[in-house]
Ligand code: 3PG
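Okay, so here's just one chain, in structure tokens, the form predicted alone.
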């Protein structure tokens, strides 16, 4: 019987696991669970003799893939997939997929939770400011970026977006102003929300030149990946501009330093929590299960993110 492993050190909600099980077992396959594991060896042992794996932020590298001799597909339940070694998977003829869009609303709502917290002075009782009328820059305009734009309209914000892979007309059709460069986005907007993946192209792309160009009252919200922000530039911004705030769902490597020195201008969630809602859990988990069934039965590779195998 075809075996599908759900391997999550940060487990899905119980209701999501129930939905995943229904999809897998209704397809005549067996579901195997590995939850809250504490050592990599537990994962390498669990992947033996399974045909498919669903993971979340779990590291799926060459060592794990080597142990998975029967593996045909791994699905990252979520949008980002930099926790999977794509080259190693391709070399071993394993298809890698993500589930784009399934947790986009959850992440977008967190953006505004962080923003309200930031503009209200971290709820310390001092007079803050409002989001209404402020210019918000969205980098970039994918599934999460679109949802951020949607929510921002409810706050009465003026919305800008930069995305080199999305036609300006598509952005403009949503009532969002498309800009031609990242420099234009950061120069125009005192609030910028980051929604770019960590790739060779984007690592440290948010640098001092961009950050220092932001207007007074600058706020950067990062619910994407820590690697996209140059931390040397981040430190310099805090040192040079007392108006600068950084709100993040991912702790940078200099988290302890920033938290100690700038507690009124820096905040990072204790653990990455953007997709941590019951709804996102259910949506991403069930989508992953359905994609596995469709791939194994029909060869559907619609959401494949590595090279064809």
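None of the values given here were measured: they were computed from a predicted structure. Numbering follows the first chain given and starts at 1.
Keep in mind that the form predicted together with 3-phosphoglyceric acid is missing from the display, and what follows is about it.
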Checking a candidate spot here: are 10, 79 and 272 all in contact with 3-phosphoglyceric acid in the predicted complex (at least one heavy atom each within 4.5 Å)? yes
May I ask you to state whether residue 225 is within 4.5 Å of 3-phosphoglyceric acid in the predicted complex, using heavy atom distances? yes
Does residue 56 make contact with 3-phosphoglyceric acid in the predicted complex, using a 4.5 Å heavy atom cut-off? yes
Counting only non-hydrogen atoms, the one stretch of 24-32, 238-246, 43-51, 56-64 within 4.5 angstroms of 3-phosphoglyceric acid in the predicted complex is 56-64
May I ask you to list the residues of 86-107 that have any heavy atom within 4.5 angstroms of 3-phosphoglyceric acid in the predicted complex, in sequence order? 103
